[in-house]
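Okay, so here's just one chain, in structure tokens, the form predicted on its own.
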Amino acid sequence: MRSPLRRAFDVAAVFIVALYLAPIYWVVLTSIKPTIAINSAKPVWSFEPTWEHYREAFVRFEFDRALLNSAIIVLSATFITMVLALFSSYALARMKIKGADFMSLTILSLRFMPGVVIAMPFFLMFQRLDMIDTHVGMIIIYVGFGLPFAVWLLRGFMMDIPRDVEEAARLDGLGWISIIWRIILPMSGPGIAVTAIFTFVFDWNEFLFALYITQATAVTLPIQISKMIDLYNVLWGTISGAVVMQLVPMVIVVFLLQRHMIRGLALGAVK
């Protein structure tokens, strides 16, 4: 039988989870409410669901194009970031490099820099290179801004992998690339999953750089959602529907990699 203290912890846990899920529930509810019910002075709980807000997001605000832009930019940036971070973190964790610890802290410190500090320099450089409002420009920014954190996170995980496995592989005649591909990559699955999830979520929700760099062709979801606020009116229903559709890909990614994510966190991928 559970003790009173354990039951109190269970009640507190349920309350905290409900507290976190309440805004999501409200957003989903608002996305299917009629406009009259949304603008009502009192909360309306009984209503006939409608899909007009989702239709407005796609027809009026071209949400499908923004969704495609975000998918192309974020998936490409996440893949490139993970490839570069894998080789960089392996070099810092395994190879005998002087000042590897200091170098790792220096790389991580780049992530501490506020994005607003480098947003304008990026804009000026891309303007000269004619890369404003392009997918390639956004991918370059997301890779450059997300790589330091990915390298630091993967390095902490790779330092926990036993060196005996690599030494045995080198005795068998495998080179560095073969060791990474055949041994390190499979053993680093949980750590890679954790890093990929964080990188994907950061890029998927990024707003500042997209606001500076994109205009029409490469507009991402956060920027498109911000356009649903008119000068004298806030389209709460349309915004809620867009937010729900923006949440769905993140939920799918986390759900698919959940097992690896939990294992990676438990094995010390985050220190």
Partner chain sequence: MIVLEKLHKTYGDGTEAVKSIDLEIKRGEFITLLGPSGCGKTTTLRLIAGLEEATGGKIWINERDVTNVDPGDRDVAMVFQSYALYPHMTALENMTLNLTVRGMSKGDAAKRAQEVAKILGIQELLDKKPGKLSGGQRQRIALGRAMVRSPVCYLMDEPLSNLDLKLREQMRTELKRLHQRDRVTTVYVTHDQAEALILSDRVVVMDKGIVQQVADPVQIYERPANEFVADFIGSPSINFMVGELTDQGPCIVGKPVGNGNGVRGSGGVTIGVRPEDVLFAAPGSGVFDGRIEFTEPYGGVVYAFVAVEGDRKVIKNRDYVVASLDLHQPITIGASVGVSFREQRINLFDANTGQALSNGR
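Residue numbers count along the first chain shown, from 1. Note that the structure is a prediction, hence the values are computed from the model and not measured.
One more form of this protein, predicted together with its partner chain, exists but is not displayed; see below.
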property: Contact test, all of 164, 168 and 187, partner its partner chain in the predicted complex, heavy atom 4.5 Å; result: yes
property: 4.5 angstroms heavy atom contact with its partner chain in the predicted complex for residue 130; result: no
property: Contact of residue 72 with its partner chain in the predicted complex (heavy atom, 4.5 Å); result: no
property: 4.5 angstroms heavy atom contact with its partner chain in the predicted complex for residue 174; result: yes
property: Contact flag, residue 135 vs its partner chain in the predicted complex, heavy atom cut 4.5 Å; result: no
